[in-house]
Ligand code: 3PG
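Coming up is one lone chain in C-alpha cells, specifically the form predicted alone.
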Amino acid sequence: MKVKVLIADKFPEQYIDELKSMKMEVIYDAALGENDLPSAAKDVDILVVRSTKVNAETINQSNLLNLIIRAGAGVNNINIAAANQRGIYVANCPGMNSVAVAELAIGLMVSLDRRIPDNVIDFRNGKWNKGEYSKAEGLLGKTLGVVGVGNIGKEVVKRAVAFGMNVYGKDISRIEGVAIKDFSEMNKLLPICDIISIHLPATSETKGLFNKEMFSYMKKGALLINTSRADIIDEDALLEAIKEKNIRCALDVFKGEPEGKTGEVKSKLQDNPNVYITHHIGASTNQAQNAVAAETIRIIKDYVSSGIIAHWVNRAKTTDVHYQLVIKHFDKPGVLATVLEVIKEGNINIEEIENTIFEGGAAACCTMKLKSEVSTEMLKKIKSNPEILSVSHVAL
C-alpha cells in the first residue's frame, strides 16, 4: 500500500514531484483551512502544514495519521497534547528559515527608523513631506536587545553587528531540555536598549511576557520588533506604552491574524501610526521555503525508510524509568518473546526498548528501560532459556 501524504499549505512543486517519485500518493491542497482538515486528513499517513492549524478534531478523527510535520520552526499551530494521546509523531524543520526571518527583522528596524512605509503612502497619495521624513536617528551605534538567542536570534545578531550596533542578548535557560522562564534581569536589559527584537517560541512561559511591567522598563521612543509569535505581546499594554512613551513597533504577527491568504483583516493595532504590520511573511522567501521543503522531504524519507523521526518534538523529555535490563541473546525467533512474557507476568511496564544486532547476525543485545524492578525469580526464569547469553539488571 502506498504511503499517503497530505500537504495542506503552499509547498514548492519540485519537492511535491520528489515525493511522487518515491511512489507516494500525494494530495496537495494549499487552500485547506483548520476546519477542512478533519475530513481531508482522515485517511492519510503523513500531514504537512505550515501555518494551517491542526486541531484535536483532525487528530482524533484520523484513521491512519502517524506523522505531522510543521514545515517551519514552531509547532504552536499543532495540538501536541492530542497528538500525544494518539501516539502521533510531530516534527518540525528548525533553523531552515532563520536567515529569512532575521532579514525581515533588520528590514523592519530600518523601516521604523526611516519611516519607509509612511514615505511610500504619502507619495502614493500625492503628498511630499521631505522635512518630516528627514528626521531619522540611524542605526549605527544604537543598542539592540535580542530577546531569544536561538537560530533566528543569532542571525539577527550577525546582521546587527554589521550595522555597527551594540548588541545584548537575553535567552530562556534550559534545564534537561525543559524551557524555564528566566527573565529576571529584563529590568536591567530593557532600559538600555534603543531597539528590542523578539525571537521567542510561544510557550506558557513566554505568553504575555511583554506586559505592562516590561513596557515600563523600556526607553521612551524605543523601537520594538516582533517576528516570532503574537502571544508574547500584551497588545493592550503595547498600546498604552505607545501612548505614554511614544514606543514604535513593527510586527509580523498579531492577535486575530486571519488564517487565509486573502480577505479582510481587523486589529486594534491597525489605526495606530506607531505600528507597522507585515503579513506574517518572516519565513516567506523562496530561499527559505526551498530549504524548509527539502528538510520536510528528508524527514519523510527517513521515516519511511528507517522509522527514524528527525526533529521529533513530542518525544518525552523524561520518563518514569528506574531500572535497566540488558539481555544478550541469540538472534532467533521467539527468544525476546519469552523475555517479554516474563516481564508481562510481573506486571512491569517497559518504558523504552532497543534491540541491536551484532555483525554476522548470530547474536543481539536488547536494552529495556523499566518502571519497576525485576525480581530474582523473574531473572532466574529469563536466564533458564538456553538461547539467552547473559542478563544484566541495574537500578538507574
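The structure displayed is predicted, hence computed values, not measured ones. Residue positions are given as counts along the sequence shown, with the first one as 1.
Another form, the form predicted in complex with 3-phosphoglyceric acid (3PG), is not on view; read the next lines as being about it.
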item	value
All of 105, 197 and 224 with a heavy atom within 4.5 Å of 3-phosphoglyceric acid (3PG) in the model of the complex	no
Region of this chain that lies against 3-phosphoglyceric acid (3PG) in the model of the complex, out of 329 to 337, 349 to 357, 29 to 37, 44 to 52 [heavy atom, 4.5 Å]	44 to 52
Proximity to 3-phosphoglyceric acid (3PG) in the model of the complex, single hit among 115, 142, 311, 229 (heavy atom within 4.5 Å)	229
Answer option from 250, 300, 283, 146, heavy atom within 4.5 Å of 3-phosphoglyceric acid (3PG) in the model of the complex	283
Proximity of residue 73 to 3-phosphoglyceric acid (3PG) in the model of the complex, heavy atoms at 4.5 Å	yes
Interface membership of residue 97, 3-phosphoglyceric acid (3PG) in the model of the complex, 4.5 Å heavy atom rule	yes
